[in-house]
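Take a look at this single chain, the form predicted on its own, given in structure tokens.
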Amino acid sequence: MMNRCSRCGACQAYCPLYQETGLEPFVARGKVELLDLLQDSKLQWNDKLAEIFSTCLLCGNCGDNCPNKVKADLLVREGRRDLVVARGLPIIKRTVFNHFLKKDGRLGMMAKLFYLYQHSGLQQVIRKSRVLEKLPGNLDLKEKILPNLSSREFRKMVPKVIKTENSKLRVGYFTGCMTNYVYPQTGFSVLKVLKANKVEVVIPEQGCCGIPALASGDYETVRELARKNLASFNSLSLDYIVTDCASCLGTWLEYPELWQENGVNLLVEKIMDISTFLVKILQIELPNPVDLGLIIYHDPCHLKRVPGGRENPRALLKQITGNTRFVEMKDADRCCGSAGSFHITHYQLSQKVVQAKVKTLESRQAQYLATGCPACMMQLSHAFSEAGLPTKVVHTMELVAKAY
């Protein structure tokens, strides 16, 4: 694939990071050139190269617009995998992946501890002391971006099986970490709509989809998480698997390449975004008009590339009637800068990227911005709050549920 890159520079116009920095190493063309040199042993991995390859949103916008169809985001990911093989993971990522992502119980315990930090008064004490400002790494700013965690895990608040009378279909629900620990209201909205449409829902034991490790080049961790999730869902008799997280969906769709076992393809073929399930499979019509004012929509990078990923969420939002209006947002499909953990590891740069969304909202005051990715919700909520904008960032399903 690298050989197809003609170094034309067309990617510069579509790279959010290049638009903010103007630095050639941050654009696809520059990274492909560096990968060529690494492959020819003319360069060796070092701290500077590690930083360059970590500075990519993996949004895929460059590949979507490349005249030679070079998927530079995939090449960058492969570069990160080579980096992990050559130098290992940074100690913080290694600790998080091995001791939390792979062990859901510990991840739940960490979420509880952070909930207590946020609600015990300790967070206010720490902030007032301004001690985080004195520590390196912009910790005071990064601490603010983390949303309030739920007091209980979503999966522990609902039954494993939610039955309905005369059910039409039986689906598995992959909730993802963000709905489980941070945005349980999204999960309750999904269940509300599915129950109203006579769909039986099964929520089996599950772990992280693996996207933090995948984006970091730690493919062994992703394979282990994929194996566990696939085994959990494969043991059920399901018509479909739904998820409300675009990032989880994108990772699941890569499971067949990561875990090449019999039956994996058939199982992964069943998974889809909840909006696609509602529009294409159930073909629902929202029953009640509601007064929500002006709604706009942000396209998650992982969702806009799957079939119907752009159209289906909009089809649902356009069905909401009453004193509600859906209006397209300028550059709705431009990356918000979240990119998994990028908004934490590269906080200041990610906040520059998201300002395009902030400027759009400043010129068009919407009551709601809907999206289909909890990570985007976190990034956009933080940016709007910092800018003093009143627009509420919600999952598309939260608005759809209001019509029931």
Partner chain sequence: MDKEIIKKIKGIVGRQRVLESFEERLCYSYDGTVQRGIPALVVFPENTQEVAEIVKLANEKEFPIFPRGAGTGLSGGSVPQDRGIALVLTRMNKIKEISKEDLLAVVEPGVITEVFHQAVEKEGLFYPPDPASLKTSTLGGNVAENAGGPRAFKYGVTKDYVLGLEVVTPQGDIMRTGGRTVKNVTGYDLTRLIVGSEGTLGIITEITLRLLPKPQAKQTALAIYDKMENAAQTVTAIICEGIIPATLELMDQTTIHCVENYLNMGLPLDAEAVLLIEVDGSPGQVVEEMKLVKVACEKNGCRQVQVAAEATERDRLWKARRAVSSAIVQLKPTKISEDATVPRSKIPEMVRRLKAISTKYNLYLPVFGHAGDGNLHPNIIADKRDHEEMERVEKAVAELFQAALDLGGTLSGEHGIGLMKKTYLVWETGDVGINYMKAIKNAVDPKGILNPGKMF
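Quick caveat, the model's predicted, so the values are computed rather than measured. Numbering follows the first chain given and starts at 1.
One more form of this protein, predicted in complex with the partner chain, exists but is not displayed; see below.
Would the partner chain in the predicted bound form be within 4.5 angstroms of a non-hydrogen atom of every residue among M157, Q185 and V193? Looking in the predicted bound form, the three residues M157, Q185 and V193 all stay beyond 4.5 Å of the partner chain (heavy atoms).
Where, among 340-348, 357-365, 64-72, 372-380, do residues come within 4.5 Å of the partner chain in the predicted bound form by heavy atom distance? Partner-contacting stretch among the options: 64-72.
Using 4.5 Å between non-hydrogen atoms, is G60 touching the partner chain in the predicted bound form? G60 lies outside the contact set for the partner chain.
I'd like to know if A10 sits close to the partner chain in the predicted bound form, meaning any non-hydrogen atom pair within 4.5 angstroms. Taking the distances in the predicted bound form, the answer for A10 is yes, it comes within 4.5 Å of the partner chain.
So in the predicted bound form, does L49 come within 4.5 Å of the partner chain, heavy atom to heavy atom? The answer is yes: L49 has a heavy atom within 4.5 Å of the partner chain.
Spell out, yes or no, whether the shortest heavy atom distance between Y14 and the partner chain in the predicted bound form is within 4.5 Å. Taking the distances in the predicted bound form, the answer for Y14 is yes, it comes within 4.5 Å of the partner chain.
Within 269-295, which residues have a heavy atom closer than or equal to 4.5 Å from the partner chain in the predicted bound form? Nothing in this stretch is in contact.
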